[in-house]
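First, one chain by itself in structure tokens, the form predicted on its own.
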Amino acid sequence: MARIVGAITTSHIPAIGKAIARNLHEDPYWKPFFDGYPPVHRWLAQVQPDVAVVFYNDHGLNFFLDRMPTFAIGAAPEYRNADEGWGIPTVPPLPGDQPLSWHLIERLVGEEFDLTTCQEMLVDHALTIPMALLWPGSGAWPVRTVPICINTVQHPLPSAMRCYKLGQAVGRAIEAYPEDLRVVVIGTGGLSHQLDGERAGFINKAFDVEFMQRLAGDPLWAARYSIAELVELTGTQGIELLMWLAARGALGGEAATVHSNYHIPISNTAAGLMLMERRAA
């Protein structure tokens, strides 16, 4: 049977892609951020996942305001990205895992999640930057990818609890898959930030730190907040922590934080990284 080896949550700020392209890893501004990732690289080299199931949000590349599904899952043979206008180089196509995708789709629909199924799907920086951070310098991606997109743009948004339960359902579906696969679950986005309006530049370090401290052991603490409360606490775009909750839901059971890093600011955003594993029974 397939098994989940762990969960990783990470920011996906577009400026990170430019910093990678310009090799700014040792630049004083960027070094505290990039220094957080080598422990995760070593962990990935040790557990060697076959597939990454990635919860992310689309920023207008594949979906726009006229057609914005609440939840969408990729079932394509590969996933390409495109120039979004940030000056980020495009990456090689990410190979998909269609049999696993269709298994997840069948299981999730069976648990009454209404999904948009995408047999063609462009993926933006919310997916490609985390992949480049976790597997740097990859000529060919060492994992297959199943992208799961959560709407964080067009209201009404799914509740934090609904996203957590989506993750739980994904975790159950992965572990019901009959093939012997090692799966890493990834949640991308955030943390607190607001890009526009009267609170442009807003960062709530206290909430971010508490959220990260509680996510492994007490995810329901954050899942119980309403969307309006989370926007107030984290900023309009800070609502991207919904993907972190989904990833933690997929990990299931009792979990522990293996590694974390928090740094502000990157651009005008709070940047976070977590690696979580299940606690041994």
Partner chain sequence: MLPPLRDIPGTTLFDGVQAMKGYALNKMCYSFNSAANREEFKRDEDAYCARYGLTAEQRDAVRRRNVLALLAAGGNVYYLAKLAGILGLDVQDLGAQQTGTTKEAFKARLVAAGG
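Numbering follows the first chain given and starts at 1. Small disclaimer: the values here were computed from a predicted structure and weren't measured.
Omitted from view is the form predicted in complex with its partner chain, to which the following refers.
Segments offered: 251 to 259, 42 to 50, 232 to 240, 212 to 220. Contacting its partner chain in the model of the complex at heavy atom distances within 4.5 Å is 232 to 240.
Checking Asp114, Glu106, Asp196, Asp180 against its partner chain in the model of the complex, a heavy atom within 4.5 Å turns up for just one residue: Asp196.
Interface residue among Ile174, Ile203, Val184, Val143, judged by heavy atoms within 4.5 Å of its partner chain in the model of the complex: Ile203. The candidate spot formed by Phe63, Met68 and Gly85 lies fully in contact with its partner chain in the model of the complex, as each residue has a heavy atom within 4.5 Å of it. Among residues of the shown chain, Leu24 is not one whose heavy atoms approach its partner chain to within 4.5 Å in the model of the complex. Contact annotation: Ser159 falls outside 4.5 Å of its partner chain in the model of the complex, judged by heavy atom distances. Of the heavy atoms in Ile264, some are within 4.5 Å of its partner chain in the model of the complex. Contact check for Val153: a heavy atom falls within 4.5 Å of its partner chain in the model of the complex. Contacts between 42 to 57 and its partner chain, taken as any heavy atom within 4.5 Å in the model of the complex, involve only Asn57.
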